[in-house]
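Only one chain is included here, represented as structure tokens and corresponding to the form predicted alone.
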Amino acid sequence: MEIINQEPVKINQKWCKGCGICTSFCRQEALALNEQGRAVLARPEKCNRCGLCEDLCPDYVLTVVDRVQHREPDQPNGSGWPGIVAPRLADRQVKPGGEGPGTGALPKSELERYLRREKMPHLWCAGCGNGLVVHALLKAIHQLSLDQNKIVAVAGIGCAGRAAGYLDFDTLHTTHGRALAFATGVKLSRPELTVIVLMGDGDAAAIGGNHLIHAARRNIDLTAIVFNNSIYGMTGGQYSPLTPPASRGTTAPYGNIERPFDLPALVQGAGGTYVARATTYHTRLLADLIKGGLTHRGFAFIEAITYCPTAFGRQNKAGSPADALRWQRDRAMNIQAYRRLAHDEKKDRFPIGLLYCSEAPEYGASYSALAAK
């Protein structure tokens, strides 16, 4: 391929973590790691701009210039089922180091317009990841230029549920586990509104688990975000349906013996049409996934892996919040690279990114059509 005045792959060195995924899977061996451990385009004449390195990069630091549009049959683009091709997340995300309102952290002046400053300071513990999830949500809303007066945030009980009180939208702080039920009523009565549901892992998967699977089955147009900190943080440190095996809680002093849910797989199996996961380390990816969920027509589910330094960290001697971020960095893997691993290589790893996306009739539209009929 002849390259005229530009290299086929641009790499943002500032954000590259040197994980080596792009170099490992480069079909033409055009990429390499330099002396500093960062990705570089060592042999640009070999690059055929297939776009695989861009797809696999967990931090989205690679941009393929004029990438080839024809994709190979074995590249499912994040779809969990054969024959269903999901939209590429990279096509609608803002590249690190680029220009525009979505790059980096949201400026303070823009952030404050979405917050009830009179409710500050917040009650979350130092090192809690909930603020990072909220920031990613607000960045997604800001990028999409959504009307602040047409957003409703619905939350349940617990640490994650407190987020609704800090957001300057129309908000509902509901009973434990019933956030999706309240949100369903809001969306059916006012379908023009953007309805966001904020839940913790216990709120969504324990007492609220029945509402979760039926909201997914109905495919109602809600964006559900689960703050997964692996424990009941506010109500006493009990273990939750997402607590890892052998982890301790006040109700599991000798270690949890129950298998945790894989919530994205559960939601997909129940009929959800947009399923994604990110961590509080991968904040740019998290904001992109939330943005995709907000624009998706149907039930969108995003699991945000976060950290509770107080209830979970102390009981499990898990280290500092910085240690938790490193743990997320080292164990999370881009979904495309994760699928290429052998079964035994997936131990202690989990996929992040757009895990599944499809189209199905949306419940509110079907309900309106029935009422009109």
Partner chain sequence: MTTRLRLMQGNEAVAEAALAAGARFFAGYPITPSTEIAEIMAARLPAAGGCFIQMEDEIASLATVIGASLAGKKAFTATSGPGFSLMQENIGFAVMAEVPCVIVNVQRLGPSTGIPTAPGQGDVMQARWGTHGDHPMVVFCPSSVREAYDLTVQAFNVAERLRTPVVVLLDEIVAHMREGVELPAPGDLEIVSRPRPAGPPGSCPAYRPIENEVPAVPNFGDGYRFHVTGLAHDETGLPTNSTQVADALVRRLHRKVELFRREITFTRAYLLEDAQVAVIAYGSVARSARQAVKEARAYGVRAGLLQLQTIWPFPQEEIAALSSRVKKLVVAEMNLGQVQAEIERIVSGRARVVSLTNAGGRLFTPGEIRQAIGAVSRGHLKKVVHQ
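The model shown is predicted, which means the values in this text are computed figures rather than measured ones. Numbering follows the first chain given and starts at 1.
Note that the form predicted in complex with the partner chain isn't included here; everything after this is about it.
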query	finding
One stretch from 206-214, 237-245, 278-286, 295-303 that, in the predicted complex, holds residues within 4.5 Å of the partner chain by heavy atom	206-214
Contact label in the predicted complex: T184 to the partner chain, heavy atom within 4.5 Å	yes
G271: touches the partner chain in the predicted complex, heavy atom cutoff 4.5 angstroms	no
H122: touches the partner chain in the predicted complex, heavy atom cutoff 4.5 angstroms	no
The partner chain contact at R178 in the predicted complex, heavy atom, 4.5 Å	yes
Candidate from L188, L144, A265, L111 lying within 4.5 Å of the partner chain in the predicted complex - any heavy atom	L188
Contacts with the partner chain in the predicted complex - residues in 324-352 whose heavy atoms fall within 4.5 Å	none
